[in-house]
Ligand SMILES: NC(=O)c1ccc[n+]([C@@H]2O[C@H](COP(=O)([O-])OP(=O)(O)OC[C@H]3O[C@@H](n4cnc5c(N)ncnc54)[C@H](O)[C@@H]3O)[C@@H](O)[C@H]2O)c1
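Have a look below at one chain only, the form predicted on its own, in structure tokens format.
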């Protein structure tokens, strides 16, 4: 068993991470939990019957965990990860693993010095929709992809720390690791230009709650990622290819295939193109299933397989999000 500590026993720490760690008892043993909230401490103690700490430095020194899971406010992630690595622990950091690329580079430097494993948490790469969409594209059902749009919408209000930039709040860091990274898994060429538009619409405080990030790749693919204050049946995905289009509405993938004519007359206004459609139901969780991911984490920690998020890709995402924020401030594209 991997001796495991959890720093941050709030909504996600106590469910998304503590749940699979608790289930897979042959892989993980919770040896400590750290949280500053007395109620969270009581719940963790009753659940795991392990030492409970308010100070994570003391926990690292006394318990010496082999693996530390960090699920705290975003601005705390980098330093907590560095301290845990320097204490000799492997580390998983929830998204965003860092609030900017500079802190991400500091974390990678600590990982290189210590030789411990540093695992960025990007569960949407395990998303059921992403897997099915990749299979459709790989079959060539819509031809060459030239644009991918990934969207999420809400009119839900928040007023927690995620709405305050001083804590690393705002939806670029909250939703960007899902909505920006996920569609980029469907393109093979690196991003060269980024445009960001970040706005605060309905939530209190100063964190953006409406965002659009447009990425252009080296081979000409456009990727649009957006979290919008909007209602109605907004498509979660629209993927355009030169031989068809994919539209995802709810749990249904609609694939429209264009049967282009072999010839078009010079005097024709536009060809009559036959369109055929088929559908697939999404089976699984669109942001990834933690109960599927954690057995993989155990194997990665044991060196049996490579972790599914390489550090260079996580760093690239941090740089891209930095560029989107800079672009929004400047009102113009930023080249990477």
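All values derive from a computational prediction rather than experimental measurement. Positions refer to the first chain, counted from 1.
The protein also exists as the form predicted together with this ligand; that form is not presented, and the subsequent description refers to it.
Highlighted residues 13, 80 and 178: every one comes within 4.5 Å of this ligand in the predicted bound form, counting any heavy atom. Figure note: of the listed segments 92-100, 194-202, 236-244, 253-261, the one touching this ligand in the predicted bound form, with heavy atoms no more than 4.5 Å away, is 92-100. For residue 146, no non-hydrogen atom is located within 4.5 Å of this ligand in the predicted bound form, even though that partner is not displayed. This ligand is not drawn, but in the predicted bound form it has no heavy atom within 4.5 Å of residue 126. In the predicted bound form, this ligand lies within 4.5 Å of some heavy atom of residue 76.
Interface residue remark: residue 37 is counted as part of the site for this ligand in the predicted bound form, having a heavy atom within 4.5 Å. Of the residues given (133, 187, 71, 142), 71 alone sits with a heavy atom within 4.5 Å of this ligand in the predicted bound form.
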